[in-house]
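Before any questions on how it binds or moves, here is one chain, the form predicted on its own, in structure tokens.
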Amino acid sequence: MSKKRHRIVETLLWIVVVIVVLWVVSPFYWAVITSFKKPADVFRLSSIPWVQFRPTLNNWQTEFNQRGPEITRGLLNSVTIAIGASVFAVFLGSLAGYGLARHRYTKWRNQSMSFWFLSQRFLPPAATVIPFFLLMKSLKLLDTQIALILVNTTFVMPFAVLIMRDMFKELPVELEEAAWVDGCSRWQSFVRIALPLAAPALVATVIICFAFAWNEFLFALVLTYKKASPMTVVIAGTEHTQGVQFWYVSTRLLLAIIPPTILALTVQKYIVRGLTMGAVKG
């Protein structure tokens, strides 16, 4: 009876795993095969969905030959904005997280400040689009990468603060106290001891911030129009007067996921270590 129940539970778990895998993989599979389809095949119904078509490289050739500079500029803008925002967010978030982890504030309690950072994620980005637009216009930063770096830093920094706060709480303060006895200042103990020990969490935080900044669309659409448009806006540009050109959307989607995928695979071991060291506790 016990073995039968165990077998049923194992079978149900495998079914759930298969469903989750199909759910995750299906969009990528759809993008890959659609990028190799002719427009007529995209809308044609077949007895075996997504399989019965003759592959073609026309979509890829058209994108590279006719829109190559636009796509290249979009990718470079996305890389610049995502790296800039994640670096600034992690730098400021590490300082704020360290302060929340090591100091007890009296005027504004640590818990209240942590909740304030968390509440920034509850704020709908659409509610701040117009103020940010007017601010960037007054600063003459519209259609610049700096504008999107500043905006994305504002919205991803709460993640960095909370993750790094929990990470620094996990580190034994005795290590820093020993450094202070040896003559290190607070800043030196932070740079030489706390930060190196928190390296896995730093890398994991950079990846999380990079992913959010890379996928941001609303502010990119409002604050840029040509020179600083990232890849998300370039992908949205496939909409035509006759509708969405799904074959070009698929091609650009695949190009857009290459940089973050390479980055995630490169630092995969640090992500796992960072997440398993309590870096994402609530």
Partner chain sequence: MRKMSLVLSVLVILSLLFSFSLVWAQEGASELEIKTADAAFEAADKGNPDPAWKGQKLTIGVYSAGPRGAISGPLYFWRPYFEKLTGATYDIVEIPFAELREKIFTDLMTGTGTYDIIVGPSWFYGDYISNDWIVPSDKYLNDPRMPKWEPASILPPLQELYSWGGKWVGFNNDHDGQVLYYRRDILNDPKWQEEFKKETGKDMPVPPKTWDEVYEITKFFHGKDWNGDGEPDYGITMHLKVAGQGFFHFMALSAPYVVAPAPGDDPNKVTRYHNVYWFDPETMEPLVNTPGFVEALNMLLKLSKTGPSAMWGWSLGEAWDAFLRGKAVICFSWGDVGSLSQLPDQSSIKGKLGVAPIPGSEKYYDLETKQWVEKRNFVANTVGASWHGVISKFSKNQDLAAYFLSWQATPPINHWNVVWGWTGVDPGTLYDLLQPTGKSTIEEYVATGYEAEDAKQFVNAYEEMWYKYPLKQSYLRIPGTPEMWEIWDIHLSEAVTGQVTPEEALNRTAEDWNAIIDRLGREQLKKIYQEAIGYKPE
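Everything numeric here is computed off the predicted structure, so don't read it as measured data. Numbering follows the first chain given and starts at 1.
Below, we refer to the form predicted in complex with the partner chain, which is not included among the displayed structures.
Novice: Any chance Arg54 has a heavy atom within 4.5 Å of the partner chain in the model of the complex?
Specialist: So Arg54 does not count as contacting the partner chain.
Novice: In the model of the complex, does Ala211 have a heavy atom within 4.5 Å of the partner chain?
Specialist: Looking in the model of the complex, residue contacts with the partner chain do not include Ala211, since no heavy atom lies within 4.5 Å.
Novice: Contact between Trp30 and the partner chain in the model of the complex at 4.5 Å, heavy atoms?
Specialist: No - in the model of the complex, heavy atoms of Trp30 and the partner chain never come within 4.5 Å of each other.
Novice: Check whether Phe133 has any heavy atom within 4.5 Å of a heavy atom of the partner chain in the model of the complex, and answer yes or no.
Specialist: Phe133 belongs to the contact set for the partner chain.
Novice: To test your reading of this chain, name the stretch in 85-93, 104-112, 194-202, 125-133 whose heavy atoms come within 4.5 Å of the partner chain in the model of the complex.
Specialist: Heavy atoms within 4.5 Å of the partner chain in the model of the complex occur in 125-133.
Novice: Would you kindly say which of Ala179, Leu171, Leu142, Leu118 lies with a heavy atom within 4.5 Å of the partner chain in the model of the complex?
Specialist: Comparing distances to the partner chain in the model of the complex, the residue within 4.5 Å is Leu142.
Novice: Within 4.5 Å of the partner chain in the model of the complex, which residues of 212-233 have a heavy atom? Give them in sequence order, or say none.
Specialist: If the 4.5 Å heavy-atom criterion is applied to the partner chain in the model of the complex, 212-233 yields Phe217, Leu221, Val222, Thr224, Tyr225, Lys226, Val233.
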